[in-house]
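Below you will find one chain, with nothing else, as C-alpha cells; this is the form predicted alone, and questions on how it binds or moves follow later.
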Amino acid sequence: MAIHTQELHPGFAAEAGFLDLSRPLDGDAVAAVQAAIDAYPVLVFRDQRLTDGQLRDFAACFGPLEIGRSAARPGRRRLAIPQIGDISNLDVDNNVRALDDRRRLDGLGNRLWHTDASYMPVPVVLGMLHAVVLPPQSPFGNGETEFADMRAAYDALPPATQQAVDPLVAEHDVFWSRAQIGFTEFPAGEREQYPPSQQRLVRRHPVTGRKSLYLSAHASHITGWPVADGRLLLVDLNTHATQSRFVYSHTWRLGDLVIWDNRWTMHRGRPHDETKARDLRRATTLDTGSTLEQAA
C-alpha cells in the first residue's frame, strides 16, 4: 500500500492521508508509513485520538523506544508509561507549572534549535508528538513547532564547504545547551549519567544516500579544533540551516500526530500562553548505533 500525501513544504513536510493510528498496523502499513517518512522527514497525521498505550504501540512498530531524561528520574510522574515523554506545562497533579518551576525551566531548552537526544552515544531516530490539549491563541505565540530541513541546508552549502565539513565530528552535551538559556540546576548525579557524546557533523541517509547536516543546540564544539573556532563554525552552520527557506512551521490542531526524523531535521518549540494548559505526548525511537559507526 502507499499513503497519499499532500505537501506542506516542498520535499520536506507533508500531511498524510487518514489512517486511524489507534488501530494496530500490519506490516504493509508500517512499511508505507516508513516510506512516507523517508520521502518527507516531517509527516503530519490529523484527527488522531490516541491513548498513551496506543501511541507507545504505534511508535514501537518503528524501533525500540527511548526513555527520556525526565522519565528516568526517580519520583512521581504525571504519565504512567515511561516511554511516553511528557511535553507539557503541567505538574504531576495536572496543575499548570509556575514560571520558576525547575522542570519548566529545563524544558525551555526545547525552544532552541535542536535534535533530540544527540547528546546520547546512540541518538534517536523518529520523534512522534501527539496534541492532547492545546491552549487558546494568545499574543505570546501559539506554541508552533518549527522544523528545519538539514538535507536542503547541506545541499545549499558551497562544494568547498561541503568537502571541509564532511569529515568533522562535533561534541554534543545537554548541559551545554541548557547553559545557553541560563539553566544549570540539574539533579545530583545527572551530569555523570549523561556525559558528552561525539557525533558526525554530516550524515548520509541509508535509503536515499542524500547527505545532511547533523546540528543541535547540544553541539558544543568541533573535536580536534580550538573550542572557539568550532563554536563559531557551529553558529554559522546553524544560522545557515535555519533560514526561512529551509523551515516548516507547524501550527498545532487538537489530535495532530507529527512524526519527524531527527537524523535529517532540527526543530524548536515556540512560545505560548504559559498560564493555560498545553499537553503534548511524545514517543521516540532509538537508533541502532553511534553516528561514528555509520557511513559518512
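All residue numbers refer to positions in the sequence shown, first residue = 1. Quantities reported herein were computed from a predicted structural model and do not represent experimental measurements.
If you look for the form predicted together with N-oxalylglycine, you will not find it shown, but the lines that follow are about it.
At the 4.5 Å threshold, heavy atoms of residue 263 stay clear of N-oxalylglycine in the predicted bound form, well away from it. None of the heavy atoms of residue 203 is located within 4.5 Å of N-oxalylglycine in the predicted bound form. Shown alone here, residue 145 lies within 4.5 Å of N-oxalylglycine in the predicted bound form, counting heavy atoms only. Under a 4.5 angstroms non-hydrogen atom cutoff, N-oxalylglycine in the predicted bound form has residue 269 among its neighbouring residues. Judged by heavy atoms within 4.5 Å of N-oxalylglycine in the predicted bound form, the contact stretch among the candidates 218-226, 157-165, 113-121, 131-139 is 113-121.
Exactly one listed residue, out of 280, 13, 21, 16, brings a non-hydrogen atom to within 4.5 Å of N-oxalylglycine in the predicted bound form: 280. Note on contacts: among 174, 126, 87, 153, the single residue with a heavy atom within 4.5 Å of N-oxalylglycine in the predicted bound form is 87.
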